[in-house]
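As a starting point, one isolated chain is supplied in structure tokens, in the form predicted on its own.
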Amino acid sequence: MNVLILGSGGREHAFAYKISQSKKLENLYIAPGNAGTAHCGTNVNMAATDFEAIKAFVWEKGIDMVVVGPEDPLVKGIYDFFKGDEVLKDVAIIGPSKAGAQLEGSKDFSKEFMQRHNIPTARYQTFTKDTLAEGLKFLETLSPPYVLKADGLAAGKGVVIPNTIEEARKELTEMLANAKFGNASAKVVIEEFLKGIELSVFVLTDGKNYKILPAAKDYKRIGEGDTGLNTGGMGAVSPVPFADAAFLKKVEERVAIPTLKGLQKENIVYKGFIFIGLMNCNGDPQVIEYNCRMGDPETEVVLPRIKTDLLELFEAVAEEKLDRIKLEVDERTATTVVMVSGGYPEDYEKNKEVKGLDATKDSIVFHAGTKADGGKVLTSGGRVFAVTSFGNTIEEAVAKSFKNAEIISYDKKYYRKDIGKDLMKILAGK
């Protein structure tokens, strides 16, 4: 098969890494890719949202399957674009329709969807600039901290969690009246804060059948001890010690199955990943959010654990035969440590030369924000690498990741040195 992956981050490098191992693969292309994906296939200088350029490339190269990494092309309707085109309609697309992508593209839509299908989630209301006064009143009915979410896509940074009512009022005003997140915050969802431990569960579906992939926990804050600003993710661990078989059965029965049945009932075409962001509230799952694609950096710990040929899985998704494939998973623990640029998640510097990549061992180094410049690798993003390692324990796996994060060097590199520590404490307390 000839395969095109859309995207340029660590998630896409993880896809490229796994797909490049498939016996079914003939040619692999990544658009636009990064310095790491270039070792798995051929990078193509093409934006993931330039549908016309993608169409021409797919036709020219005889692409059989397009794997969509990021949310943007999905929310903009790449699935519908392909299926509505005479030339492209038979090309397999791994990703939902535009209607399905609204699970991520609109927080308000996803909350209403959960309510319609009795999926457990936090109490909420949605407000606009015209109903700002009602929003300020609604805040007074909640206890701190407060959860404010921009309705639209905001590059993973549209959620604010103020600790005081004064901060919450100020943030809500900034988001609605002053367009803090541009059009994304034209509507804002205010939710009650859920107390518990967060994790992510991933479902791969062909629209009828499904496989639940390994669960993961990621670390959103920039600072150790979960302090400071929210980021796109500073690390991840899989499996998750507190997500035992009994809890995951509840997730399947109360969340995954009702979600899939809800999509079918509403005639929403969905062939791809459903990322379910969950809170474990005293042993019961509550949905925080949906994403219409794999998470990043969770992909970098989930995909390496999947032993089944990923291209076979994707082929089964396209052909609605996912029930015929056996999902095999590596029982070991995988951890990833994300290395970022100085200043991230605010303004950060780029074009720093990276050294030490060839000296790493016992880890998979996924490139998240890099570019090749002659024989050099330069930083080009806020998150630069995701260093993934296996071990029989979290301690063993994360020690390898930390060791290699030390070996890799570039100006002002930073990474959290406490990834997995909270989970080790939970295990020690058992």
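Computed from a predicted model, the values in this text were never measured in an experiment. Heads up: residue numbers just count along the shown sequence, starting at 1.
Below: the form predicted in complex with a small molecule, not depicted.
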As a check of understanding, the residue in Leu176, Val354, Ala154, Met279 with any heavy atom within 4.5 Å of the small molecule in the predicted complex should be identified as Met279
Only hit among Phe109, Phe138, Phe193, Phe81 for heavy atom within 4.5 Å of the small molecule in the predicted complex is Phe193
Assert contact_stretch over 263-271, 241-249, 159-167, 178-186 against the small molecule in the predicted complex, heavy atom within 4.5 Å, equals 159-167
Under a 4.5 Å heavy atom criterion, is Lys220 part of the interface with the small molecule in the predicted complex?
yes
Quick one: does Glu315 come within 4.5 Å of the small molecule in the predicted complex, counting heavy atoms only? no
task: Decide whether Val147 counts as a contact residue for the small molecule in the predicted complex under a heavy atom distance cut-off of 4.5 Å.
output: yes
* Asked: Does the small molecule come within 4.5 Å of any heavy atom of Asp330 in the predicted complex?
  -> no
